[in-house]
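Before any questions on binding or motion, here is one chain by itself as structure tokens, the form predicted alone.
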């Protein structure tokens, strides 16, 4: 469903992504991990059509900047940016009109209830706390019922109820066949429900691994640190030569 092939992105002389390959099939949850500056945000923004790049990215077989791909893909950014002068309800109405959704009100109401925003429907975007903005961002991304969703640090800023509900929503999405790509530093939050992980270092995918490939009961967190700390040790070794 989400297919990134040999994606390369430069910012001037900085090579942010260097031949990145990522695949997420229907019903799969892929976890994107890596230290700060590894290139995770760049590949996410490229997948979501926010950056120009070299290589190929498709969503459901359609070029990621095409209208067909945009109808299939939902995106929850790390830093939500609601329209300051639209209310919560107006944000959802705007999304419904942009996607030309029919009979969307019941689904919108369900999302507002799940994320405890029903009583905030008349609040302006500028009046919302960071956590409420994040919840609204999730509701807007899920209203069109996308077939693939990209989550960038989705749990940051959420209260315990919001975290619980988002995890439940993600489990429901997985059961429905939705493909999900989740970028996070909170590895423990995805330990229970992932299918494949991509660990990025220095703009490249240092390792991709399916859950069944972990050896001897190794956890995702243990694998992550074995790769990233090993890479850091290797770099320090080069500096001393």
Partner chain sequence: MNSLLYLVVMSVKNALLELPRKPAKLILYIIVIAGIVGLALMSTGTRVSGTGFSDVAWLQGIFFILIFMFAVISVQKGLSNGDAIFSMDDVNLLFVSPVDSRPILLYGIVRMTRTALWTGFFILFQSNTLARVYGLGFGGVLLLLCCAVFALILLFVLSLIIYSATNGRPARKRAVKAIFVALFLPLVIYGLTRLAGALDMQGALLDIIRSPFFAWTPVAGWSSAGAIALLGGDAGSAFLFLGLTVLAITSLIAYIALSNPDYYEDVLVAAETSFEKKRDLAEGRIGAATSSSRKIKVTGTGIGGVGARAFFFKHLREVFRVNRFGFLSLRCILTVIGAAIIAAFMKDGSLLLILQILMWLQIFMIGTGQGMKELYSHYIYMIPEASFPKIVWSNLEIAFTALIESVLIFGAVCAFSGESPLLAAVSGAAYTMFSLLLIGVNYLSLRWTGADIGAGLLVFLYVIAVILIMLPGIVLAIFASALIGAPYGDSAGVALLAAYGCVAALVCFALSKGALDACDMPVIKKT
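None of these values were measured; they are calculated from a predicted model. Numbering follows the first chain given and starts at 1.
One more form of this protein should be noted, the form predicted in complex with its partner chain, which is absent from this view; the next part is about it.
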(Q) Taking any heavy atom pair closer than or equal to 4.5 Å as contact, tell me whether residue 50 reaches its partner chain in the predicted complex. (A) yes
**Q.** its partner chain contact in the predicted complex: residue 127, any heavy atom under 4.5 Å
**A.** yes
Q) Is residue 12 close enough to its partner chain in the predicted complex to count, meaning some heavy atom within 4.5 Å? A) yes
Q) Would residue 85 count as a contact of its partner chain in the predicted complex, using a 4.5 angstroms cut-off between non-hydrogen atoms? A) yes
Q.
So its partner chain isn't shown here. In the predicted complex, which residue out of 110, 145, 90, 116 has a non-hydrogen atom within 4.5 Å of it?
A. 90
(Q) The chain here is shown without its partner chain. Which stretch in 182 to 190, 203 to 211, 65 to 73, 33 to 41 comes within 4.5 angstroms of it in the predicted complex, by heavy atom distance? (A) 65 to 73
Q: Select from 92 to 106 the residues with a non-hydrogen atom within 4.5 Å of its partner chain in the predicted complex and write them out in sequence order.
A: 93, 94, 95, 97, 98, 99, 100
